[in-house]
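As a starting point, one isolated chain is supplied in structure tokens, in the form predicted on its own.
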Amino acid sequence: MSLVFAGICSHAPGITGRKKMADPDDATSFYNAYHQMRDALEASKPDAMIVIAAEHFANFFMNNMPAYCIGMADSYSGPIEDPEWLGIQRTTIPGTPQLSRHIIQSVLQQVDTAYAEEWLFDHGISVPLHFLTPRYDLPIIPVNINCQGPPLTPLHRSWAFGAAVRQACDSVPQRVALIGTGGISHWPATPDSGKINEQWDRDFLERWVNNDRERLLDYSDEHIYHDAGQGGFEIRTFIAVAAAMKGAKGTLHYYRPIPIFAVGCTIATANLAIEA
């Protein structure tokens, strides 16, 4: 089998934690877009979902920071944050260790990756799962790309990693969905939190929906930091998904800068042919 669904979405903690503080139209329209993404995901009938996220020092810190890590546990727990603050209750999420092992072994043929048999989900994974798998009944394979602590993996290596994930998906009988989650421009945990560079975001998303590899990789970390903040480094997760799309283009279903959520809120999916 191969990839039956792929997409990207935002994961900022304010999306769920600050719902009551948001303009009702902002919250409702974005939540509706997330629900439509869930409907499309469920229609693809996946057996498991890979979630490529940016981990926020919940499991890894500067004393041990892999460029890439793939989960291989029977189950996972999250969110690690205070449930009242995040607006998501802590729960147990099923894993799929045998499939994870196969994915890891396949990816290792192309890109070095670490693996973990223990993983506490933070908002980077918990927020998307809250919307996309609210029953928590779909086995998850978590993936982390270091987007936090320099030296960061180069963008072209994120592309290579995504291509290796797709090759791994192509080699298994299961139906696999793939989600990349992060921010585009945002300045979390700084005095500029809530700042959003809409022009930069829309330009990046135009590159993503056209799966324009050359332009997606045409960023330096210095320019990303200047134009999109340290949160902009999370484009690595979106780039990995673009690579896994094997040239397929995408559709942008929703983008709106929502300062109270502290990110340009995004929902987009790949135009993949879904097998029955």
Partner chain sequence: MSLYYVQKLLYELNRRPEVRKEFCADPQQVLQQYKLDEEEMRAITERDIGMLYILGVNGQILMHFAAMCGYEWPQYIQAMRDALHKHGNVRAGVYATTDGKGAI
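Remember, it's a predicted structure, so these values are computed and weren't measured experimentally. Positions refer to the first chain, counted from 1.
Beyond the structure shown, there is the form predicted in complex with the partner chain, which is absent from this document and is the topic of what follows.
- When you measure heavy atoms, are P97, P134 and A163 every one within 4.5 angstroms of the partner chain in the predicted complex? No: no residue has a heavy atom within 4.5 Å of the partner.
- Query: Quick one: does D203 come within 4.5 Å of the partner chain in the predicted complex, counting heavy atoms only?
  - Reply: Taking the distances in the predicted complex, the answer for D203 is no, it never comes within 4.5 Å of the partner chain.
- Message: Within 4.5 Å, heavy atoms only: does P154 come near the partner chain in the predicted complex?
- Response: Flag for P154 set to no.
- Is G264 close enough to touch the partner chain in the predicted complex, meaning at least one heavy atom pair within 4.5 Å? G264: no, not in contact with the partner chain in the predicted complex.
- Task: Give a yes/no on whether Q109 approaches the partner chain to within 4.5 Å in the predicted complex, heavy atoms considered.
- Result: Result no; Q109 lies far from the partner chain in the predicted complex.
- Item | Candidate from L120, L138, V172, M72 lying within 4.5 Å of the partner chain in the predicted complex - any heavy atom | After the contact test, the surviving option is L120.
- Query: Can you pick the stretch from 101 to 109, 126 to 134, 172 to 180, 145 to 153 whose heavy atoms fall within 4.5 Å of the partner chain in the predicted complex?
  - Reply: Single hit among the candidates: 145 to 153.
- Message: Using a 4.5 Å heavy atom cutoff, which residues in 172 to 193 contact the partner chain in the predicted complex? It's fine if the answer is none.
- Response: Counting only heavy atoms within 4.5 Å of the partner chain in the predicted complex, the contacting residues of 172 to 193 are P188, A189, T190, P191, D192, S193.
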